[in-house]
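Starting off, we have a lone chain in the form predicted alone, written out as structure tokens.
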Amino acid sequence: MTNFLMFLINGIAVGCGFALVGSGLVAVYRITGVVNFAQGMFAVVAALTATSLLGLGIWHGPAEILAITVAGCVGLLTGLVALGKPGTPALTALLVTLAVGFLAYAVEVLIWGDHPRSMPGLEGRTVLLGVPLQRQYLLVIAITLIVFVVLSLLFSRTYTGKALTACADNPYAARVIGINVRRMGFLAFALGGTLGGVAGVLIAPLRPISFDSDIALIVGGFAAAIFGGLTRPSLALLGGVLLGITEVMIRAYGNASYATLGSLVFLITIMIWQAARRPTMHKEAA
């Protein structure tokens, strides 16, 4: 029972990373209607940047904050490339994000090489209800909860958040009342990059990160975002946690090589479930 609870907490922590990546996808899709395939790249850039900054002797905390800032700037640049031309269709912008993700491979290998990198996190264990837990896992869960609370407050209590929500609900009406929808799209990409960066610096102490780690991250993040219908961050958090628990349980009680397969099965199942729900929702709306 103790091992099961330990694996359960580990799964929740891993799932929180997926949820953060998924929330970035949700933020961009809600505002711009674009599925950002470069979202996993933001996490990789932040994680690799943090390892370099720590290697230069910068303290923990400042190094992670700088790495997240770099990821946010990369997100903004991706948004400028994808949405820079007024009237760019969502499909074109999606293809641009895919191209940016592939281009990032070359840049990351040029800067950091192709070997996986990791960095130290919180050391030691603590005992919670008789279950020994690594402190880094608890830190990941705590910071993820704080991030989602801040996101909720941002969208519900601030003018910028309400402007972003207005753009998501009705871009035409938002434009009529003077909101610059295109600028809100750039801000959404920067927010997506920041959320991806938070995921990257939290995951790096748990598993080595290399230039191609974005594939596993984007699959997990996409599954979480699909669980939330690409529009609801809170459900994306739940989807990410369920996926993380599934992956860790497969590694613990099954075959570790089937963990990615389990993630894909989870993703396909959620997509079929969402496809089955949407016609029903449209009928109810009509």
Partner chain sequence: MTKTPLPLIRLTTTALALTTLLLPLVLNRGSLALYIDIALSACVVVGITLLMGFAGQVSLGQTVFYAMGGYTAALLVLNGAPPLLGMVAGTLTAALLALVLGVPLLRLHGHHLAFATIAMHLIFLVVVRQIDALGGSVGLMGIPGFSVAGITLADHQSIAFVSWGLLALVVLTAHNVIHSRVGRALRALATSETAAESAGIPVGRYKLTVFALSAAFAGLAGTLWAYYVGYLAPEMFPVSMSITFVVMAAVGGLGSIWGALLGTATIKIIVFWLGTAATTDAMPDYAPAVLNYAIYGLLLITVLLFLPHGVFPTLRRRIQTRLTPAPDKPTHSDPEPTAQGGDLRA
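Note that the coordinates shown come from a computational prediction; the quantities given were computed from them, not determined experimentally. Residue numbers count along the first chain shown, from 1.
Note that the form predicted together with its partner chain isn't included here; everything after this is about it.
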With the partner omitted here, the residue among 35, 248, 235, 53 that in the predicted bound form has a heavy atom within 4.5 Å of its partner chain is 35
With the partner omitted here, the residue among 63, 242, 70, 219 that in the predicted bound form has a heavy atom within 4.5 Å of its partner chain is 219
Assert contact_stretch over 133 to 141, 150 to 158, 81 to 89, 174 to 182 against its partner chain in the predicted bound form, heavy atom within 4.5 Å, equals 81 to 89
Is its partner chain in the predicted bound form near all of 98, 257 and 267, within 4.5 Å of a heavy atom of each? yes
Do residue 252 and its partner chain share at least one heavy atom pair within 4.5 Å in the predicted bound form?
no
Review point. Is residue 103 one of the residues lying within 4.5 Å of its partner chain in the predicted bound form, judged by heavy atom distances?
Key: yes
**Study point:** Touches its partner chain in the predicted bound form: residue 261 (any heavy atom, 4.5 Å)
**Key:** yes
inquiry  = Is residue 48 part of the interface with its partner chain in the predicted bound form - any heavy atom within 4.5 Å?
reply    = no
When its partner chain is considered in the predicted bound form, the residues of 203 to 218 having a heavy atom within 4.5 Å of it are 211, 215, 218
